[in-house]
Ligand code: IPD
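Below you'll find only one chain, the form predicted alone, shown as structure tokens.
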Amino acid sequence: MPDAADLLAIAVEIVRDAGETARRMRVEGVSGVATKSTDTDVVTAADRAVERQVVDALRVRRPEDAVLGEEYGASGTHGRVRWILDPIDGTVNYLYDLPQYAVSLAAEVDGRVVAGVVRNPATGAEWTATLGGGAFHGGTRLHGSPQTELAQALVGTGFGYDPARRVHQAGVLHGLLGHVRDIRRFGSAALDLCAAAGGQLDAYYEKGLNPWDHAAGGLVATEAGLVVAGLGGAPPGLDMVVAAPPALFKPLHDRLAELDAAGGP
């Protein structure tokens, strides 16, 4: 089996270089803005450039591996290792020059994520994890939030781009807001998962996340001791991702299930 620490070292090196490209292109001014699934779902020239840079670097370092990226999809032969990449998670923040976006890269071996790095190029903050090796931020091991009461929990979330989905998500939020301390919506799933891992959020949930949105951040959260799963025993995925310490996971999960958070458009 490929060594997780070796894969992480490759990921960190590549993501730091790619993050600098994203940061530099933001300073120079956002260009090549287009839309994808809806008029509010944006992609920039930087998204594409960063993805190409990461894929090219992986081809040099590990030419036999496959890559799944947000902008260009799947490539490579897919032996035992597949890399899962979000070149800029939080593109709307990037577009508006809000310093809450990330380059996220995970290594999956035989279908299981074993290493991941999330880096915010705007601040230089970086989170890393390996399967069974813990999660770290700036050399500090992460352990999640000590909060045990849902009513006192600060919960992060995000919203989809489709208007009908947003209406459903607003209903879920309406039903949850009276049961938690408060809600935060920062605009980057990868960074939200890392914030939950570090205790800056007590918990996090979101519907509609693709693998590149949560692969690396989900490992960081898991290795920090959080439960990361869908609803009703499902794995984390498009229907729902919930990340919370064990004491908060069940009450948050059950409330979200009551509100049909995984349902709707």
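Residue positions are given as counts along the sequence shown, with the first one as 1. A quick note: this is a predicted structure, and the numbers were derived from the prediction, not measured.
Only in words, not in the display: the form predicted in complex with this ligand, which the text now covers.
- Exactly one of the stretches 156 to 164, 171 to 179, 141 to 149, 107 to 115 approaches this ligand in the predicted complex with heavy atoms within 4.5 Å, and it is 156 to 164.
- Among heavy atoms of Asp213, some come within 4.5 Å of this ligand in the predicted complex.
- In the predicted complex, none of the heavy atoms of Thr130 sits within 4.5 Å of a heavy atom of this ligand.
- This ligand in the predicted complex comes within 4.5 Å of a heavy atom belonging to Leu209.
- This ligand in the predicted complex comes within 4.5 Å of a heavy atom belonging to Ala189.
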